[in-house]
Structures are given as C-alpha cells and as structure tokens.
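Heads up, the chain below is alone and in the form predicted on its own; it's given as structure tokens.
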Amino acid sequence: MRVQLDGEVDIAGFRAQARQLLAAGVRPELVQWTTSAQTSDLFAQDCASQAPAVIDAHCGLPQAVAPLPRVPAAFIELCESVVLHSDPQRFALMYQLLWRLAHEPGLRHDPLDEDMLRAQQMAKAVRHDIHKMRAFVRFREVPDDAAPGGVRHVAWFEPMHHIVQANAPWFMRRFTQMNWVLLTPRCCAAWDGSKLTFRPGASREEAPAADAGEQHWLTYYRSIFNPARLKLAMMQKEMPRKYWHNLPEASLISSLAAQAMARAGGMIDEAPTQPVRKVSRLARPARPAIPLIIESPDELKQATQNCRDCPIGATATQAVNGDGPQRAKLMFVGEQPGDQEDLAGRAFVGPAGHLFQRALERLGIRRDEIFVTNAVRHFKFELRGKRRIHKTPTQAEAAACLHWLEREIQWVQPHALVALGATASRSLLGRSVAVMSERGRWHTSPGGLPVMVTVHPSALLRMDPHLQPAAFEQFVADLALATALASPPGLHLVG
C-alpha cells in the first residue's frame, strides 16, 4: 500500500493519513510512504504547497472501524521535529511508533525502546541543524533596485535537513528591518520587510561573491582572536569543518592557529600596562514621550517597546500587550508573558493559554469576544542551560508596568475584570490578595470596576495530575460567574 504525501515536510498530510490508516487497522509493514519529491524532480519539495496528502487509488483502504486512540502530546511534538529530518524512512518510523503507542500502552514509559530512541536522535539532529544554521549564516550585500535602499542581503547555506521553512521565521524576527534572501540547495526563503516567501532550491553559483563588508568582518575577527585561549578541538566541535567552506572567517583559522603559540609567548613577555582610570557619568537617554491616553493598540505597542522603567525590558524579546476588541465586556488579566508569548508577541498562547482556551470553550466563549492581557509587559526569566525558566516579577516590577495596564483598561472600557493569579490581583486591587480564599468573589478596583479573583491557569499545570480535573472544574465555575455578571442574558460579550 503506497501513501504519497505532498512534500518533504507535509506534517499535516502525514497526520491525516496516519489517523485514517490507524483507524482502519493497517499495519506499518503494509504501508510504503512516499513524497512528491520521490516521484518528480521538478521542484525542491520542502517548498511544495501543503495541500492534503493523497493515498494511492489502488490501495483499497477500508473505512475506519474503531475510534482513534489518544497519543501523548509529546509524540506530536516529536513528529513535528522528525518530519524535518532528511532520512527517507522518517514517515515510516513515525507511523510505526504511532501504531505501537496505540497497541502497546507501555511504550510511552520505556526510555530504551529502539524506535523511540531513533526518533529522538533524529529530532536532536534537526534541532542541532537549526542551531547551526542560525549561527553560521553570513549575509552579503547585493545591489538590487527593487529593494528599499537599493540593497538586498543574500546568504548561502547548506543544511543537513529540511529546516528552511521551520527556521525562516526566526531570521524574519532577527532581521526584521533587512531585506534578505536565504539560498539553500533544497529551499530558498526571502523577506521583503512585510512578507516571508519560499521558492525551490538554488545552486551554489547563485550565491553572491564577497563584498566590502566582509573585509570589515575579517578585520574584526582577527582583532578579537585570543591566541592564549585557543582550543582547536572545542572550536571544531562548535564549528564543524563541514561548514567552513561557506564561512569567510574560515580562511583565517589556519594562519591564526599557526601563529597562536608565538603570539601567546609574546603576550607573556610583554611588560604589564597600567590601566587609565577615568570615571565619567553617562548621559541618560531621553525617555520618549508617552501619551496620557492611548488611542489604539498600535500606539500602546510602540510605547511599551521602548519602556525601560524596570530591568525586565532589557532582556525580553519584545513587549507583549493584550489583544481583543475594544469595549469587550470582560477583560482577563494574567501575570506576565511566558517563553512562547515573548517570542510570538501575543498573550496566552503557551501551555497556560491552551488550558485557558479549553475553559473558554467549555463556556461557549470565543477568544475574539474577550480582551486578554497581563499585568507585566515583559517576560522575566532565568537561564537553565538553554531553557528560559519563568520567574515571578517583583512588586516593584509590577508597579512599574501598572500605568500600561491602566491605559489598556482605559482603551478597552470593559464591564468587568478577571484577575488571574496574585500578581494580577495586586495590580488591579492595589493590595495583597489571598487568591485561594478570595477566589470566585467580586471586588471593586480603585477605578470602580468589578474585579473577579481566580487562579492563574499555570497554577493548574503545576498541580498533582490527580487533582487537576477538579481544579479545572472550579476554574471554569469561576469564569462562569464572571461571564454572568459581564454579559447579562441575551447580550454578547462584545458591546
């Protein structure tokens, strides 16, 4: 039985066909997975459109006869990484794991399973390739009359896996003000300042030659090279030789390494220098004028991006304001953006946001009917390895953000507010709040608006799994009370 997907990264097509095959009881060894890239050489198929996959008309697939089993959310995330791998057997491996998860419940708890280890190694290789692409892409200026300023930045890179489409949004955020084109053998990405587009792969000959800026970069690289700290083995581990032929600084490594011992000896022989101590007061940058009344979300966004009233703003990716309609009758206020919200620029899109969305759906409330925001505008975190772990903002940091929240409330003009957690409750009520003893009750804000206090959805995620169902039902009950006050019978949540 042959199943043809529409492209090398057609995860949507794979999920649809895998669900159908699993429901029909088709065993993995009976399925041959192919992509349009394996049947046509016309295009680089990572860039193919994501149309639904098609099953070979001769396969004779029976209709589904059993309900689909539930699979762990971690398996879905694993599939989204494995599908980017270059191994042609990756789809067969993922379907085999799906079949086994459905028929071998203990598999999810087996850390040494050969198939699962293979899939995890493939996902790790994809993440490594994504990281190396971000580290080793070098843009060069190319004259282009069609680009703003008459210049377009072009780079050439040779990834090991099908990662261009997954990685391009990072380059879009990192180089937002730049018009750029990223050329690779499998797929090319381009950003014109407003739209991200993809096209089939290119050849090495299309990559631009060295430009004037590259000489400045090489001069800088020579100046920062420290011969006393040279560790060739570690350098080659972090910057493998397979990437060197596309890195301009690679031409300097051999000569700089050869001279390292002599230069280090010369540094040791030199007499010490006495530092010149001079203390001068740095001029504080002028703080941009902040309007007393916010006329639009765009005006608020522009103002909060420049906010440095507390240290959090200097380390976060961006300020995250609320979203929703003006005059929404109900406004939900959380604590602060999380890791995913900080990257996406939108409130409540991470794990806590998904749980919050489930509660809204239970009550029949659409997300676009309400306004959702946070008391603090920036993500406060601490690094643990490569992960950014949430840290609770201090009272001073929340107080520094309070005027942004007040301006947002002034623009939305809600009928009622729902404080999700202690930080939001303190910001809205102006006092410390014992959330568990005061939840589900109405209070009045200093501005005269009714405020319902309840727990933050993230608190439910941290609970013992056996206690989560009951806690979620109580959370839904709190939101139902808030909805009843903000939206009398017969009225919508948006006025």
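Don't overthink the numbering: it's just position in the shown sequence, from 1. Computed from a prediction, not measured in an experiment: that's the story for all the values here. Take the two forms, superpose them, and find the largest set of C-alpha atoms that agree within 1.5 Å; that set is the rigid core.
As for the form predicted together with a small molecule, it is not shown, yet the points below apply to it.
K.L.:
Here the chain is shown alone; which of 116, 130, 300, 352 has a heavy atom within 4.5 Å of the small molecule in the predicted complex?
P.N.:
Of the listed residues, the single hit is 352.
K.L.:
Which of these stretches, 116 to 124, 250 to 258, 166 to 174, 337 to 345, has heavy atoms within 4.5 Å of the small molecule in the predicted complex?
P.N.:
Correct option: 337 to 345.
K.L.:
Is there a heavy atom of residue 456 no more than 4.5 Å from a heavy atom of the small molecule in the predicted complex?
P.N.:
So residue 456 counts as contacting the small molecule.
K.L.:
For a quick test of reading the superposition: does residue 164 move by 2 Å or more at the CA between this form and the one not shown, rigid core aligned?
P.N.:
Moves: no, less than 2 Å.
K.L.:
Could you check whether the CA atom of residue 190 moves 2 Å or more between this form and the one not shown, using the rigid core for the fit?
P.N.:
The answer is no, as the C-alpha of residue 190 shifts between this form and the one not shown by less than 2 Å after core alignment.
K.L.:
Compare the position of the CA of residue 133 between this form and the one not shown after a rigid core fit and state whether the shift reaches 2 Å.
P.N.:
No: residue 133 shifts by under 2 Å between this form and the one not shown.
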